[in-house]
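To begin, one chain is listed below as structure tokens, in the form predicted alone.
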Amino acid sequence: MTSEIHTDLTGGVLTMTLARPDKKNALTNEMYGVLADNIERAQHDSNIRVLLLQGDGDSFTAGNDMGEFAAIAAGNGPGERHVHRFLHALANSTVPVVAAVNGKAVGVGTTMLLHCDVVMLAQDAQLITPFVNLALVPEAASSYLLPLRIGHARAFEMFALGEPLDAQTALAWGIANKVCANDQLRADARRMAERIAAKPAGSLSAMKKLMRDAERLVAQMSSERIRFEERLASAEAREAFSAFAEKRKPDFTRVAQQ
């Protein structure tokens, strides 16, 4: 198991910690694989009553590892992209999921929260969805879930501009359950996870199935995946990734629209 995902099962709560703080917890293909394995495991392990996601360091996650993204765009990506298995596992999970978010939650760091049942934000949390800035499209069924959660106008602005959304605004818009003091986030999230773990697991699972249309979410993910991969191979994406690597502002006006 990669050392970049730490897991701990205590009191019915399986804690999964993104442990790549030197890279702002940017998610690699291997990390996605470990996360998917644990979420899938929880479906069949009665000892796991709640999943808890958190990140080490000063960020929840910077999203997808940009080096791997660039390799995929160049046609040199991994044979199996575990991100899709991770997202499908989240969509299909009937085990309650709690997220403890500190610092920046970029891209999938934000969209995965739409699949979590309880989202706790530190005061310094910032939710960022820069897909269009990278000439891509949203994923994780967020093109369906985010407008459903906060309305079309707000969702379009988040996706189109990719500007940070602060914790208090995320709370007011209904993306999060609670904003915590930075130094209390993990303790508060742990207490919430333990409270949920003490409830009847069968009832919670049945309730979650009724609240979420997993088949609809997976279908949306499949549609997004097709568009995402098309965009990843586009001239606009090449310009976006080149600009990122060269630390300059991209110029999309000179790139033919695809």
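By rigid core we mean the largest C-alpha set that fits within 1.5 Å across both forms. Start at 1 and count along the sequence shown; that's the residue number. Model, not experiment: these values are computed from the prediction.
Form predicted in complex with a small molecule: not shown, discussed below.
Only one of A42, A26, M192, L52 comes within 4.5 Å of the small molecule in the predicted complex through a heavy atom, and that residue is A26. With the partner omitted from this view, the residue of M112, A89, I175, L134 that lies near the small molecule in the predicted complex is L134 [heavy atom within 4.5 Å]. Of the stretches 215 to 223, 59 to 67, 43 to 51, 202 to 210, only 59 to 67 has residues with a heavy atom within 4.5 Å of the small molecule in the predicted complex. In the predicted complex, the small molecule stays beyond 4.5 Å of every heavy atom belonging to K249. In the predicted complex, at least one heavy atom of V106 sits within 4.5 Å of a heavy atom of the small molecule. Interface membership of P130, defined by any non-hydrogen atom within 4.5 Å of the small molecule in the predicted complex, is confirmed. A displacement of 2 angstroms or greater separates the C-alpha positions of E246 between this form and the one not shown, with the rigid core held in common.
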